[in-house]
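Starting off, we have a lone chain in the form predicted on its own, written out as structure tokens.
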């Protein structure tokens, strides 16, 4: 069994741009691989936790019941949980639907949008499809979040600085000038 600290990552209702920002740490990804072991993450395609994690990075907000369960699972398995990016922190682009009733969103997506071919006029309701929430929730409204790294996506250097600080037992200090708020 590895003595390396473990890191887990997940993308909820987001675009995977924050995971691309993780990969944008460039050659430092090799150093990170020396420092940690990746647990549940799309980076290694592990779908379940294999152990306790020192750090969990969460991209995206919660738009359906599956997102909520995954986020709660991350909180249970991770010592430190980081909201990564604007969708995790504020709901981001997916939260634009918060201003429209859910039924109206579904009708627009499956019945009324240009190019939709749905002769039965059925809105999908298979039990295998996670139920949509009435609005998109930022992560901190679902579980306790320890740190926030803003940006769309966050700068790779900010992600790297936060991870290294946590692994070295230092407080996370992100320089304002190094962050993006767009």
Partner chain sequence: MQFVLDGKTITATPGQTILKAAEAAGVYIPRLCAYKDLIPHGSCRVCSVRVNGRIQAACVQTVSSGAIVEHDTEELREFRRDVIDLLFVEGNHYCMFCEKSGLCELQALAYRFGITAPKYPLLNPKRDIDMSHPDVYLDHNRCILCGRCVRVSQDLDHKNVFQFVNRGLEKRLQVNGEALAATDLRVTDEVVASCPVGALMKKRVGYAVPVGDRPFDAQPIGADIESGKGGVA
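Residue numbers count along the first chain shown, from 1. In this text, all values refer to a predicted model and were calculated from it rather than measured experimentally.
The discussion below concerns the form predicted in complex with its partner chain, not included here.
In the predicted bound form, no heavy atom of residue 156 sits within 4.5 Å of its partner chain. The shortest heavy atom separation between residue 174 and its partner chain in the predicted bound form is within 4.5 Å. At a distance threshold of 4.5 angstroms between non-hydrogen atoms, residue 148 is in contact with its partner chain in the predicted bound form.
When contacts are judged by a 4.5 Å heavy atom cut-off, residue 31 does not count as touching its partner chain in the predicted bound form.
With its partner chain left out of view, the stretch that reaches within 4.5 Å of it through heavy atoms in the predicted bound form is, among 38 to 46, 137 to 145, 120 to 128, 64 to 72, 137 to 145.
Residue in contact with its partner chain in the predicted bound form (any heavy atom within 4.5 Å), chosen from 99, 112, 76, 103: 99.
Counting a residue when any of its non-hydrogen atoms is within 4.5 Å of its partner chain in the predicted bound form, the hits in 76 to 111 run 86, 89, 90, 92, 93, 95, 96, 98, 99.
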